[in-house]
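This document starts with one chain, in the form predicted alone, laid out as structure tokens.
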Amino acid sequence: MIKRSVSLYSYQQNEFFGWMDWKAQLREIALNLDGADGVEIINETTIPNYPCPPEAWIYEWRSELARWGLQAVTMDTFLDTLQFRDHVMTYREAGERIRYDLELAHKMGFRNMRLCHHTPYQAVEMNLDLAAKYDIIMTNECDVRSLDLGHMMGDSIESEIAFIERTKTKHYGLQIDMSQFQNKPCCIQLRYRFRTAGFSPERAAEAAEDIFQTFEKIGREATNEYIKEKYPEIAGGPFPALHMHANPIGRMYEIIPYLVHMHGKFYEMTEVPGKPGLYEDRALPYEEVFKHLKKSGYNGYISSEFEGQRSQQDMGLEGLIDEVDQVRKHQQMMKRFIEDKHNNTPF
């Protein structure tokens, strides 16, 4: 069965303002998410004095996980190739950084370690034996449009699979972000664009909803023309009015054998019309994605990854969205789809 986890990235605003530290975030997952038990972190955000945390802190981290019955699922890492002021990081230096992160992930009990985009295969291959020793799977994230257009920030899905097949490794795989499948406008992002164009919050909300409803009726291309005519303030510029490009969900079957972990990206949970107490992200076809995942036999974790707060950072504290509440609603939705008995027979 698919398992549920939370990326602590979802609580970034609470952490920034000092409202929740990592211990409070773990407690929230354990007590209020109805069975979710997985934790994903960004190493530089959660780990004090990264890359050299005190051993006492690592002991504290593992103790908190044990206290709440939580699993350390994925540690997200980065590779600052320009950290040296006199040269670009070499493959050997990149490999050494990955080695160090693997050592740290092992100490903290993580089963997966997500690498950043563009991590060179030469550096990854240097560490396959160490990953096997610790039984940690390194992953690369497939973000927006990469399944359909064949790239991951410059790396192709085909090259990722070719690397796995060539090395015959079981300790490198793929991590999909749910933004792959966004097929409708995201109102919280549209409201932000209207506010930055000079609209009042009230008018921005009305215009965003108007665009969403128009899209439902006439589709993306016609809605782009509608925006150019009715809302020229947000048309054009560096991005088209509606720039999401939904990938065919069926393409997942091609990479399921290599799929290790998923990001349950979401932007705004709202109540399902006519179904009080049930929530959805209108921009993402979660129900359909879950049907395909269950049919494929996927049994890994999906981490709630909330990014809606990033579209409200132009507002005062009183206008900020409640990250904790949003994650709770997202987890409720995922639990509902996981337990739905329809279309639940593996191929």
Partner chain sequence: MYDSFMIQADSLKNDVVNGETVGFQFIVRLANYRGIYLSLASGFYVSVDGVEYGEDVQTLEINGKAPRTMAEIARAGFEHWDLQTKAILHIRKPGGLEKGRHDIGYMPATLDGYGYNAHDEEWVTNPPKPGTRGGGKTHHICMFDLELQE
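Worth saying up front: this structure is predicted, and the values here are computed from it rather than measured. Numbering follows the first chain given and starts at 1.
There is another form of the same protein, the form predicted in complex with the partner chain; it is not shown, and what comes next is about it.
J.: Exactly one of N183, T90, N224, T214 has a non-hydrogen atom within 4.5 Å of the partner chain in the model of the complex; which residue is it?
T.: The option sitting close enough to the partner is T90.
J.: Quick one: from E44, D34, E55, D322, grab the residue that has a heavy atom within 4.5 Å of the partner chain in the model of the complex.
T.: In short, E44.
J.: Taking the shortest heavy atom distance, is F337 within 4.5 Å of the partner chain in the model of the complex?
T.: Contact check for F337: no, nothing within 4.5 Å of the partner chain in the model of the complex.
J.: Would I256 count as touching the partner chain in the model of the complex under a 4.5 Å heavy atom rule?
T.: Result no; I256 lies far from the partner chain in the model of the complex.
J.: Do N299 and the partner chain share at least one heavy atom pair within 4.5 Å in the model of the complex?
T.: Residue-level check for N299: no, no contact with the partner chain.
J.: Within a 4.5 Å heavy atom cut-off, is S159 in contact with the partner chain in the model of the complex?
T.: Taking the distances in the model of the complex, the answer for S159 is no, it never comes within 4.5 Å of the partner chain.
J.: Quick one: which of 305 to 313, 26 to 34, 55 to 63, 284 to 292 gets within 4.5 Å of the partner chain in the model of the complex, going by heavy atoms?
T.: Going by heavy atoms within 4.5 Å, the stretch is 305 to 313.
J.: Would you say all of R85, P120 and T196 touch the partner chain in the model of the complex, counting a heavy atom within 4.5 Å as a touch?
T.: Answer is yes for this spot.
J.: Would you mind checking 9 to 29 for residues with a heavy atom within 4.5 Å of the partner chain in the model of the complex?
T.: Residues within 4.5 Å: Y9, Q12, Q13, E15, F16, F17.
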